[in-house]
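One protein chain, two forms: both are listed below as structure tokens, the first as structure 1 and the second as structure 2.
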Structure 1
């Protein structure tokens, strides 16, 4: 037998050591070649008397096996057919064959057939199909190394572990523990896996194969627990088992209330657990493959795989970084301003391994950045996530200063001072005077076009915008904004810095609001329009949350304050003068901010009432006095449509106008920037899913009903005409 992805070495005891080692790949994954090799091996193994047992191991230092090859999943057809079912179930079937020795359920139950022993020797991560391979082995030996991750993360890309994971896990751990592990996708460490009955033996790193072989040698004929007579599902399963009934009643509610019914994988996983617990094991595997295929063929998994996996990986690697600029080794970053943003930037910079010189007007102000980080690291120490020594080393990397001369030591400087042009001007001039001439200066702003600030710079080609999101240490997005005169060196520096702080970077055009702040205000504005129409605020909030937004738009406005919305409105009006077109929202801000002082959470009241402690209480009930409640109220679907299209249309416009250069950036910017529901893959991915014609038709109807703000760009009309797809076009 000859294989390309694995080697088989049979020793004197007849124990075959199967070493999986995909050529040219950094990590083992299940791809077509490995599945074919594995099928051939299992055929040989089950029929070849020269082999008495097997040990499965990995030839990669990077781990055991990391799951399915995403490219293979992406290449699977969308149609559901008997052929697709056949192809999708290959891995599940070969693993089952390995487990049963190729014997039928009847032969096992009635004729006493048994399998040759197979043990997994795991020295590194085993995720998804990797863990499922191990679960199909009769014995699992894992190196006792807390860095090893064992888990089934498929749910995070809209899938389920479809090679027996939803069946073997509950039969080892019980329904509840399995449901948690599979619906949340969080991996466990070897010690925890042992405690949960997932693995049999922990050994010193490097000794897994040896221990696995010893077990195989000592156990010449075996059966999986679920193939043995009298097998009992731990904790019980089945439609008449009281514990299982209680588990499903509660478990369904928990899964549904958390996923809001937006993630088909969650429901499919629960169904695999439910239905699979009622029928014999082989039938249960068939059921699992069928549910897996429904997910694989549906839009949610496709969108999640593409956006959250493929596209995210490409962007994170810096796909848009100018290729010929050598990598900048940033040792020290200067941060100007120790406010909320400056402190956050300081923190993530240190976390990214850099030293930070943080400058503010007074020592007291500059110290605020130190206090900000101290609070976070102390919390980490208290939680046991960080040692005291590491915390001290972390804090030692922050140097609060007041003297611009200190900036001479910096390899990159980021200013994050007040959003006032005069303040920015002074800071830019003083900083550039002190910085080394080749060093790039980045400006963190969310409102002022970078080109305007670049005018204050003596080296505009080394000047660039970086829009961070608050709180910086938690928000995963960075908007990088080159202005018209930004050079490649500055753009490359922004990417090189981003690589250290590990955000997802998107490059956006230098226009007011950049990308995210061109979409979020119309979305929030739509919610305000609805309040003004007398639509129930509770309905608006719940529909947004049920649609998958992390927070209701009204609650979000309370957080960012209505005062901010009002200020932006006023300044835009002032700036634009006669050219200003009223949005219709002006009277609302006038009422809430100027008359009622309901300016947001910080002010103790806004859309919601707040306790002294800042805790959000109920929605304010006074809207009805100002805006007569609509009777009848619109349907939840109608509200959802408006809230969704108030994001889709502005995002489409940004793409059409070149504010974002590719659908990938538009989609990830939406998901990571303002919490656009990940199951849709992003606004442009969603337009592809529903079709441009549907998008244009609905937007046109909304424009007619509610106004020009829903007007779609012509690019999308053309796309609808050609039945085109944004992603096809971009790719």
Structure 2
């Protein structure tokens, strides 16, 4: 029998070596072709007397099997039907047939072990459906390589393991450990997998197939543990056990506290664990497929798959990089300014394999970047994530200097000094005087238009904006901002540098605040408006977190400091002059920053009170002395609506104005830039989900109630009239 995605070679002992190797793909995934081939192999294997057993392996150096092809999942219809159920459960049924040898539960109960032995030989990562394939094998051999990852990450795109993962994992490792693994989606390394009973044997790299064949040869007929009479979950704690009842009570509460009820996959996983534990195994697999299908047909999974996987992959590959510019070899980066941002940029540059020359006005200031990285690497050493030798080599790549002449050695220079035009002007002029003529200079400004700063440059075509987010080493987004005169070499340099530091890049239009800082301030400002209206700060914070924001808007303002918000308002007013339009927030900042000194966490007090250690103690209770509490207070839904639309409307405006050129960039910029709830897929994906007509109607009502800041652009009114979709339009 011939296959296109795998090969089968049977040795003299009748052991079939099945090597999965998808042609033209860098990684093995379950796609329609592999599922069809594997189903045909299983049919042949279970009926062919010439095969006495099988070893499943990979022909890819990249890993064993990485799960389902996301493109295949995307193509599935958004409906729940008998046909959809059959298609969705196909892989699960194939793996079960491999496991049982095609024998029924009744026959197994009567005759016992009848299936031919199948072992998995894993030399690389096995994730999602890849691990589920391994779990359906009777024996699992894994190379003892700490770089190998084994896990079920489906929850990260709004799904659950749909080919037996929610049923085999708890029967191997116990309910609690399985629940943590499946709901968190975090992989484990081989040693941990062995300790948790997920794999049977660890071997030297390159020896997995040999060990797997030896086991198959020694075990002519086998039976999965859960098919054996009297099988019990590890520790005896099956779903009906009193200990398991306590787990489900606590586990469901913990899951709800983490997900806030926004991620249906979490609830579905817990349901699979419970329901699957009180029915026969084959019925449990059916239950899992039904929950998987329900999630796949819903909006959350579709939005998360599109935004967090498909769109992210496209942007990460640098789709907007100029194609005709040769790749730039960036070995040494110059960083101007060793403050918080400059130190973070220094760290990620070294992590990306580059040397860094970090310059500041004094040796003491420049050394701050060294101290910043040293603190991080010392923590990594203490946690066993880095050796002392690697830490020393890392730190040796940072050179703090005060002399601009040192920049002559740099292949790219990034400016990260104070947000003051005069300061940036002086730094840009001195840097360019020392830099080689062909080297690009980038600015990390967060609000000042790049074109305004390019006026200070003697070579504006080699000047570009690269807006990082704080803390740089943790935040995954990079805004790349070409001004009107930026050349292709500068744009290519930004992408080539980003490829080294591995962030998700979006190209945005050169306007004040770019994209994220055109949306975040209105969102934070809405929270301030509500405080000024006497709405409870605790209500605002709790609603935001329950909506899915990683931190409440008031706490976020404390982190970034109210002083920064005040400074931005003042500098914007100064730059815009008579064209400046008051936001209504000026009196609040004057009160909090100028009069009360409540400027944020760094200053010891803001919306919250703080201990000397910086620990957040609780919301300040003095707001009532300045803003009379509203009576009655608005509902949580009303507060949520304002906080949500304070993000949706400016994001829509940015798209309509061409600040972001496609919905993908707008959505990923929101999720990775300020923590917009991933389950919504991003602000524009959420507008598609609720419908443009609903979006316009709600925004119009809010504009009538609260002002022009909720006014939607005409593009979305036209979209509502046509019942159109942004992603359909983009496609």
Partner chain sequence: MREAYIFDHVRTPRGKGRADGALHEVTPLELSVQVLSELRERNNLDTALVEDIAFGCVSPVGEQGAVIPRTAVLGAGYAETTSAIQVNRFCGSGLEACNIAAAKVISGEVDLAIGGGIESMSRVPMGSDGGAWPTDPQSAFHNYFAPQGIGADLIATKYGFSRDDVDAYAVESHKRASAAWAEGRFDRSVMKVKDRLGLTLLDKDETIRPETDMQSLAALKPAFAGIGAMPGFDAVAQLRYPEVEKINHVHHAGNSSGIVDGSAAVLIGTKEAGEKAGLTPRARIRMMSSIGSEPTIMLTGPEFVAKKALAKAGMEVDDIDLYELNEAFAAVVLRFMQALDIDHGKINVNGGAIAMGHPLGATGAMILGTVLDELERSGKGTALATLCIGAGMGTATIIERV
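What you see is a predicted model, and the numbers here were worked out from it, not measured in a lab. For clarity, a rigid core is taken as the largest C-alpha set superposing within 1.5 Å between two forms. Residue numbers count along the first chain shown, from 1.
- Of the two forms shown, structure 1 is the one predicted together with its partner chain, while structure 2 is not.
- Relative to the superposed rigid core, residue 604 undergoes a CA displacement of at least 2 Å between structures 1 and 2.
- Core-superposed comparison between structures 1 and 2: the Cα of residue 578 travels 2 Å or more.
- After superposition on the rigid core, the Cα atom of residue 626 is displaced by 2 Å or more between structures 1 and 2.
- With the core fitted, the CA of residue 113 sits 5.9 Å away from its counterpart between structures 1 and 2.
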